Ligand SMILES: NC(=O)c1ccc[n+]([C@@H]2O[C@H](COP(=O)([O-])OP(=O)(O)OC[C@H]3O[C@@H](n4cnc5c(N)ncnc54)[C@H](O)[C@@H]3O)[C@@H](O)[C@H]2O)c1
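First, one chain by itself in structure tokens, the form predicted alone.
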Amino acid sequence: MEQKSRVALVTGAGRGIGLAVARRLAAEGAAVVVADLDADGARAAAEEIAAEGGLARAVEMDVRREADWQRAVAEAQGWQGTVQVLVNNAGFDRPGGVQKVSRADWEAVLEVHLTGCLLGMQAVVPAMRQAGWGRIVNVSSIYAKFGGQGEAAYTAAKAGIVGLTKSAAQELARHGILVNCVLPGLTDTPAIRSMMAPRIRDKILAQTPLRRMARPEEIAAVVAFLCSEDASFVCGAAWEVTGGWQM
């Protein structure tokens, strides 16, 4: 069990990719802090993981708030010990092109995706440095590479995550902390099913060599690898998981 005796904190873990990541890390032996703004979703996810034999603790958390980060890290410490693995997954979308996106929507998206990642790293890095070991995986998007039409804020935030990841990787590798990010393509999550128009989905699938959406578990598998000892020479990578879309 690759993650046995390690403590992992996963944000946005109440559903979708975050839930899949939390389940995978728990299955590999980690004690997982299931953090989500939706307290009921976090509790349901933690209960699901426990029913599968894993170790999980739900934490209600707003990634935009430093106080919430400090509380989550302190709860993890009191529960199972120092957070050794951080997966910054929390996010949401407010579509809008460059000429139409409002400043409020722009700032809201960047604050959750980009500022949330920064605050998360600031919260866990001191203890990781002291231990001389850590893994941080930030969840970006393939839109960071080629842009999404009508997705100005989301694309900018996800591209920012890639840049932040690389900057953090440069700073932290010498302390034994490896920082990487994943760039998922179209993934079968509740958000995609509820928000994406079928015509847009079908257009993307037609451009994807595998001709299907990713399962959240497939994204989680790559995240779990980057959190493992097997990824000991992977540093500052932006790992595409797209089924070949826009390769």
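Quantities reported herein were computed from a predicted structural model and do not represent experimental measurements. Each residue number is its position in the shown sequence, starting from 1.
Missing here is the form predicted together with this ligand; even so, the following discussion is about that form.
- Taking P190, G53, P198, P209 one by one, only a single residue has any non-hydrogen atom within 4.5 Å of this ligand in the predicted bound form, and it is P190.
- For the options A31, L186, V222, A46, the residue carrying a heavy atom within 4.5 angstroms of this ligand in the predicted bound form is L186.
- Taking non-hydrogen atoms only, G91 approaches this ligand to within 4.5 angstroms in the predicted bound form.
- Although the partner is absent here, T165 is not a contact residue: none of its heavy atoms lies within 4.5 angstroms of this ligand in the predicted bound form.
- Within 4.5 Å of some heavy atom of this ligand in the predicted bound form lies at least one heavy atom of L37.
- The shortest heavy atom separation between R135 and this ligand in the predicted bound form exceeds 4.5 Å.
- Picking from 105-113, 123-131, 167-175, 72-80 the stretch near this ligand in the predicted bound form, with a 4.5 Å limit on heavy atoms, gives 105-113.
- In the predicted bound form, this ligand lies within 4.5 angstroms of at least one heavy atom of each of the following residues of 118-142: V139, S140, S141, in sequence order.
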